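Take a look at this single chain, the form predicted on its own, given in structure tokens.
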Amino acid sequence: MLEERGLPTTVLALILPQVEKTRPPRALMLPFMLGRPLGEPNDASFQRRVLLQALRLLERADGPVLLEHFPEDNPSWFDRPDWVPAVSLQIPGTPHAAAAWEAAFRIELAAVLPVWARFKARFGRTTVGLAGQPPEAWAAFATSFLNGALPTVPLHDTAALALRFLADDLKALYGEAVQADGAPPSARQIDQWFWGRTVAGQLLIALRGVALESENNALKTVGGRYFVPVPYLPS
């Protein structure tokens, strides 16, 4: 409809089968992570190259469907060999009761929060803020689900949404904290650190298991889809 009214459009595409099925008039296929259609944060020159190639599609009239592929590799998958996490944590064990999970998570989060504060001071921003409650409340709230509770918060009127957005905030906070100092690591390095070396990552895996066994269908859905990426699911 926009094109019919004389407004040319272009799409930044991340899933090839989807763009092949929907067939927009113009699309630039990008080999990047979901959620990062321009590449890595804070890499302005790279993001500019992506935008310029997408905008150049607007100059072409040889459609009706134009699909180009961005020629550069995904920058988020190049590991930085000298990278050291900004926060040093012990490799977690696996607690077996909700109270033990809460205690371990509370101790770890207390170590992470000051480092996260350094990240915010350095970059002047954060993506944390979806949960509707401060990080200091997360340990008790999240681990209560391990005992079968279904708590809510004023911002989210269902337990499923409350836990989903807490999980999003938790991953964002740790991902920001670990980049508080020095040059940024690859996204893969952040993921491997979070899912392999933090109580928080192991807790989300445990919460996913609880959600999948829940009789609450909404919790089962969000737990299965949004808590843990496929590469880090337990085997």
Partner chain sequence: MARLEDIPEPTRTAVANIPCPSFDTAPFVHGPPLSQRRVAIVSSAALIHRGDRPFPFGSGEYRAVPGVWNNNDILVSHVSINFDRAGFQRDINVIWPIDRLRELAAEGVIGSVASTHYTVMGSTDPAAMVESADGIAAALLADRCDAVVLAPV
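Since we're looking at a predicted model, the values are computed, not measured. Numbering follows the first chain given and starts at 1. Between two forms, the rigid core is the largest collection of C-alphas that superpose within 1.5 Å.
Another form, the form predicted together with the partner chain, is not on view; read the next lines as being about it.
Comment: 125 to 133 is the region of 125 to 133, 141 to 149, 107 to 115, 82 to 90 lying near the partner chain in the predicted bound form, near meaning a non-hydrogen atom within 4.5 Å. Though the partner is left out of this view, residue 9 does reach within 4.5 Å of the partner chain in the predicted bound form, counting heavy atoms only.
The partner chain is not shown here, but in the predicted bound form it comes within 4.5 Å of a heavy atom of residue 38. Taking the partner from elsewhere, residue 15 is found to have a heavy atom lying within 4.5 Å of the partner chain in the predicted bound form.
Looking at residue 209, you'd find every heavy atom of it more than 4.5 angstroms from the partner chain in the predicted bound form. For the stretch 165 to 184, the set of residues having any non-hydrogen atom within 4.5 angstroms of the partner chain in the predicted bound form comprises 165, 168, 171, 172, 175, 176, 179, 184, in sequence order. Positional change of residue 71 between the shown form and the other one reaches 2 Å or more at the C-alpha, relative to the superposed core. When two forms of a protein are overlaid on their rigid core, residues whose CA moves 2 Å or more are considered shifted, and residue 24 is one of them between the shown form and the other one.
In a rigid-core overlay of the protein, residue 9 has its C-alpha displaced by at least 2 Å between the shown form and the other one.
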